[in-house]
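Below you'll find only one chain, the form predicted on its own, shown as structure tokens.
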């Protein structure tokens, strides 16, 4: 395996800097976001590398659970922040937290215990990367699905209330919107699955090959991970949409859009600049 030096990383970062300068010259207002994103990714991944290396040397389940909890909370916070309209109070964060826990944790445990049969099952070499991959992809599906559900519920308020007035219950009234939101949440991962190996070489497989691994074994791991990601994304999106759809109605079958709030980040981004 070819070891990278700080100079190698600096040369890679130069490409981001050139792209930021190009967006600045074209007045696309993306330069600062690109640079901030690159800096944030560098710091987060570098810190994670040191933490995981430390955990590898300790081999304790408490350390694995600690970093897993931090990753889960960060993912739930990110899902909430991506919503144009999130639920008021703890529901905004708690709903994302519950959906990610149901999907990513259960799928990770299933893979570690029944498929990989790691000994111990919480072996950091397998458990931390597995959970990270699942959380990252499930987070995208959940955030897209939730955002679509709440946006459509807000836009189609009259339609939903009309269905309720005609005798439909809350599940029937919002069924079409829930189906569309579910398709929105799963479309990116389905597209990725369809293009894997034909149009693109997935990250896990690429990393193993660059590290000197056997290409066939790398392909096997990538296939397994794709299956786990699709299952985790599907379960997480289903869970989040079910919880959100129930929260949008009260026990008297009334649509409660007052339980939604527009995130401040979206308000700021849409405000006219002076």
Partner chain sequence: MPEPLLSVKGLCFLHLGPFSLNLHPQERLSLSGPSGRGKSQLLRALTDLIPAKGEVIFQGQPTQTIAPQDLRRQIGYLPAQSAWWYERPRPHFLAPAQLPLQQLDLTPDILDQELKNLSSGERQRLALLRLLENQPRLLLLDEPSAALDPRNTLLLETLVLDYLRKTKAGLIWVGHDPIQARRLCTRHLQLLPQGLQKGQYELEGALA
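Worth saying up front: this structure is predicted, and the values here are computed from it rather than measured. Numbering follows the first chain given and starts at 1.
The same protein has a further form, the form predicted in complex with its partner chain, not shown here; the description that follows concerns it.
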Which one of these stretches, 163-171, 186-194, 143-151, 85-93, sits within 4.5 Å of its partner chain in the predicted complex when only heavy atoms are counted?
163-171
Even though its partner chain is not shown here, does residue 180 get within 4.5 Å of it in the predicted complex, heavy atoms only?
no
Residue 157 near its partner chain in the predicted complex, any heavy atom under 4.5 Å?
yes
Is there a heavy atom of residue 22 no more than 4.5 Å from a heavy atom of its partner chain in the predicted complex?
no
Residue-level contact is defined here as any heavy atom of the residue lying within 4.5 Å of its partner chain in the predicted complex; does residue 253 satisfy this criterion?
yes
Need the contact residues for 39-62: heavy atom within 4.5 Å of its partner chain in the predicted complex, sequence order, or none if there are none.
none
